[in-house]
Every structure is written in structure tokens, then in C-alpha cells.
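There is one chain below, alone, in C-alpha cells, taken in the form predicted alone.
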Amino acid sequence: MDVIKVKNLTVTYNRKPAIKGINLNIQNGRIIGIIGPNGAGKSTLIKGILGFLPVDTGEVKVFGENVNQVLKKISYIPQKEQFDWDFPINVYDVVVMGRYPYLSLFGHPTQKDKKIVIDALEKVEMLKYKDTQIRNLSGGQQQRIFLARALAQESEIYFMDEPFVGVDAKTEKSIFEIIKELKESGKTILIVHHDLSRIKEYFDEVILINQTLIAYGNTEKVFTKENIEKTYGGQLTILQKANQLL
């Protein structure tokens, strides 16, 4: 079943296309890597699909609907730099935000909502920090809280923008174990990722992008020397590293 259909998607920044003519049919129950060099449009692709950016051309359907009609089914974990870490809010309240799509206007979390939040914090091993101000957490702990907020939303599709940046190896392993559990329960997870050494280990499918779509499909078939060269162009260090992995 196609859960996301992207047709001829183009998004422009300052009159310059950030992504051009992207076409994708994404099926459910997969972990998908979004791979490409800096400035390739990886984050723009996510934001374009989610409707966070104005679209020049193209159409996006999620579960056959316009994305703004199914936002409850979608969780988004942005890059950490996009969050105001000085904002005075504690861990519990950040995760409660994941329940907002289910609350009525001016509604308060129910006992069910509160249990879901506690369960999400336990899942990411952060319950003991629930009263801690987010600015006092380490980078890895902050990323766990983002994940807990996404889990609390109980979505069908998860978009994650560089979730492993700034985390230690133990945290990365823990986060990925949760991602695998999401996949096993039928969820779809799209992850912007930059560490080429983990591509074949982590992803069922990959989207290779450099403003235009270079390739999309099964990782074993798509993550090839030829496609990597097309994606990264003259970035020699990246290509040398990739060639060692293939």
C-alpha cells in the first residue's frame, strides 16, 4: 500500500529550486533513508511533503488525502538546532505536546493521555528526567525526548531529520531499536541520514537526492557506486568512504 505519493514536487528558496520534480511512491512498513550531500534538499523534501513550505509545482498525497487532513497520523522530529532549548519547559511537558492532536480546543490531557506520555518516557529511558528542564539535558537525552514526543502521538508515519547527530553510540543503538519496533508494528519511518557506513544496516530503502531524485528503491539495488557518484558529484572523501563499503 502506498502511504505517500509525491508527484513532480518542486520547492524554491530565493528564486532558486531547492528540490526539482521529485516523484515518489512510498509504501508502508519500511525504514527509508534520505541520503545526499549538504544542500541537496533532504530537509526540504520532508518539509515539502509535510506542507511546511510553499510548493512551486507538484502534489503530495498521504493516505490518499491532502497532508493537512492527516497530520494526526504523522510525527516529525526536526533537527535539534530548530528547537529553542532556552525555552522554559520541562521534559514531561515537551512529550505531552505529542498528544495535542487528540485534545479538544483548550482541552487538558486525560488520564489516558498522561499514561501514554509516561509510557513513551519509559520507552526511551527518560522517565526519571520528566521534571528536568530540557536545556539541562545532554544532546543524546534531548534526542530521546524528541523521540518520546513522537511516540506519544501514536502516528503511522515518522519523519526524522538527522536523529543520530550529536548522540553517543549507545543512544544511537537504543533509538534505532525503537525505530525497528515501529517498523515491525507496520509504521513507516523516513530518516535524513549522513553516515554512509550505516546505510545497508539501517535502511530497507533509500532515497538518493541532490536537488533532483537520483534513485529510490531497495537499498541493496539502489545504494551502488554509480548512484553514489551521481549523488555526491565531486565530493571525493565521501565517495572514497562509500567505495570502501560497497
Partner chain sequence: MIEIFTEPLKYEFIQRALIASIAIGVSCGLIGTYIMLRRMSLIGDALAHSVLPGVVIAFIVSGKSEIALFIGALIAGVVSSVLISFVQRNSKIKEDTSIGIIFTGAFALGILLVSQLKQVHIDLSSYLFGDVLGVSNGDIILSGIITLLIILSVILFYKQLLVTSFDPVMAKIIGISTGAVHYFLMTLLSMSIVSGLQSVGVILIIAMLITPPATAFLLTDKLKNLLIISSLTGVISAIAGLYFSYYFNWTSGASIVLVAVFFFALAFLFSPKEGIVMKYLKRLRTQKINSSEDVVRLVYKFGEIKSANELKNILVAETGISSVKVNGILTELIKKGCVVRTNGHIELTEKGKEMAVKLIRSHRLWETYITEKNIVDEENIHEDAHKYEHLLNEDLVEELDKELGHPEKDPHGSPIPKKK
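Positions refer to the first chain, counted from 1. Source: prediction; values computed, not measured.
The same protein also has a form predicted together with its partner chain, omitted here; what follows describes it.
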Taking the shortest heavy atom distance, is D168 within 4.5 Å of its partner chain in the predicted complex?
yes
Give a yes/no on whether Y76 approaches its partner chain to within 4.5 Å in the predicted complex, heavy atoms considered.
yes
Examine F63 and determine whether its closest non-hydrogen atom to its partner chain in the predicted complex is within 4.5 angstroms.
no
Check whether K72 has any heavy atom within 4.5 Å of a heavy atom of its partner chain in the predicted complex, and answer yes or no.
yes
Between 134 to 152 and its partner chain in the predicted complex, list the residues on our side with a heavy atom within 4.5 Å.
I134, S138, F146, R149
